[in-house]
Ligand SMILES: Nc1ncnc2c1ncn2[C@@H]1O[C@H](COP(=O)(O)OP(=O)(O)OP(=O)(O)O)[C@@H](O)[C@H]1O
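Just the one chain here, laid out as structure tokens, in the form predicted on its own.
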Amino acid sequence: MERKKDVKILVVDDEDYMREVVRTALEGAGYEVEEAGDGKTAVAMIRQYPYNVIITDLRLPGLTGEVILEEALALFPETIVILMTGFGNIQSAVEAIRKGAYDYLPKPFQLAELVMRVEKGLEEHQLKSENRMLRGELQEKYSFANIIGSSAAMQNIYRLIRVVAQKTSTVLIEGETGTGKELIAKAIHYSGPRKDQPLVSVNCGAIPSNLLEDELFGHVKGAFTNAHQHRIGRFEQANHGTLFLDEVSNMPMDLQVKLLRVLQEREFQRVGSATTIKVDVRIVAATNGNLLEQVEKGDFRGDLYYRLNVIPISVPPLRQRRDDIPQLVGHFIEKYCAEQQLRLKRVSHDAIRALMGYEWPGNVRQLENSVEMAVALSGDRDLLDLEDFPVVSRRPSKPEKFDTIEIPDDGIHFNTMISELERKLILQSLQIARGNKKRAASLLHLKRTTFVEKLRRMGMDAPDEEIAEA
């Protein structure tokens, strides 16, 4: 709660004795108190100073307590207004609470009760302020603007997040472990209209299959052994907000049927209950595997896959967006230098080159861990060098492909070598993209029309499926 000496209270009553006893009680509790004997004086004082608490009688000569309430909340909506009223005016006090008053006390009342109401009001006000601040910090922390990377692949994801965040459609995020799928799910939630509602996460791969149903839907008392009380599941907790189902590919087949029903009907039943509960929940699911391949193998329900895959987002592995590595390294250095209260460190060019040349099987998460370790173990040094990153400094050196090119004594035909390199890049991109020209062009950061023209010049202008089989 705010320090009492920082809290200023205005007491408004036309009876001198009432103002005096209330003031004495509040000052005895450690608060600073000012008085007003009528509504006009009170309104003039409110316009000059933002009081934390106003305690006013409802019935006053001139301007009434209702007018004081309206004026105070119009100027300072955070003001706590407590009304004092005679027994016959309780209905008016209840109406005033509907208009924004915090509480009311019917006269006569115990002064200890009044002090308790003031303290309770201040505690609730501080809790609400902290919650608003926390929500603001979460929204800022998980805004898509804080997802690091400026590569073409990440720019596409930013555009998707901007559009998707404003919708209520189900989203399926696919990507390898450590690529930042949960960060994207949070960005979608905190950038959209549900940002003030709960975001609830469930890792379907970390919870035993026999407990996952209870985790999602909850249970009623007596539903099974040791079910001694009702339990609210994640769907109810996420009502009006977002439910993030991480590693959804690990969900057992029988539970997939129940999840499908929730997605279709927007309702479910707790374990052991026949009562249907309606929910308004947005689903964002994520998987580190290829769900469509699991459907084809019979390991995942096709109807559930198409319900989840309304808006797909594919997150590329770090090795496919190496240009983002310097930016990511800088971001993580700044983060961990701040956490460890160190001067901001720099990275040598050799270290950056090595980091960009590594495959990063653990993706962004592995890179972040490497940077955190480098910052922690570098001591007072301001420059992080290659030896500070064991993951790249201790691996066997691998010569660059260009280092193996030898120029013979009679020289080399430059244009021929460049054409051959271009041909190899195009063939490799087609192989990775399984013959899909649009995808292959994207891998080389080329327009599809440019890519097709290069194929034509190379005599490879064939349909996608023919190239895939070549």
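Residue indices: 1-based, along the sequence shown. Quick caveat: nothing in here was measured; it's all calculated off a predicted structure.
One more form of this protein should be noted, the form predicted in complex with this ligand, which is absent from this view; the next part is about it.
A.B. asks: Tell me which of 364 to 372, 342 to 350, 262 to 270, 206 to 214 has residues with heavy atoms within 4.5 angstroms of this ligand in the model of the complex?
C.D. replies: Looking at the partner contacts, the answer comes out as 364 to 372.
A.B. asks: For the spot marked by L10, G65 and E95, is every residue within 4.5 Å of this ligand in the model of the complex through some heavy atom?
C.D. replies: No, because L10, G65 and E95 lack any heavy atom that approaches this ligand to within 4.5 Å in the model of the complex.
A.B. asks: State the residue from E71, E176, E119, E236 whose non-hydrogen atoms include one within 4.5 Å of this ligand in the model of the complex.
C.D. replies: Comparing distances to this ligand in the model of the complex, the residue within 4.5 Å is E176.
A.B. asks: If the cut-off is 4.5 angstroms on heavy atoms, which of these, N309, N288, S151, S191, is the one near this ligand in the model of the complex?
C.D. replies: None of the other options qualify; the answer is N288.
A.B. asks: Taking heavy atoms and a 4.5 Å cut-off, does R457 contact this ligand in the model of the complex?
C.D. replies: No, R457 is distant from the partner.
A.B. asks: In the model of the complex, is there a heavy atom of this ligand that lies within 4.5 Å of any heavy atom of D246, even though the partner is absent here?
C.D. replies: D246 belongs to the contact set for this ligand.
A.B. asks: Indicate whether K181 is a 4.5 Å heavy atom neighbour of this ligand in the model of the complex.
C.D. replies: Output for K181 is yes: heavy atoms within 4.5 Å of this ligand.
A.B. asks: Does L328 reach this ligand in the model of the complex if we count a contact as any heavy atom within 4.5 Å?
C.D. replies: Yes, L328 lies within 4.5 Å of this ligand in the model of the complex.
A.B. asks: Say whether the C-alpha atoms of T450 and M154 sit closer together or farther apart in the model of the complex than in the form shown here, given that their separation changes by 3 Å or more.
C.D. replies: Pair moves farther apart in the model of the complex.
A.B. asks: Which way does the C-alpha gap of L444 and F332 go in the model of the complex, closer or farther, given it changes by 3 angstroms or more?
C.D. replies: Between the C-alphas of F332 and L444, the gap narrows in the model of the complex (3 Å or more compared with this form).
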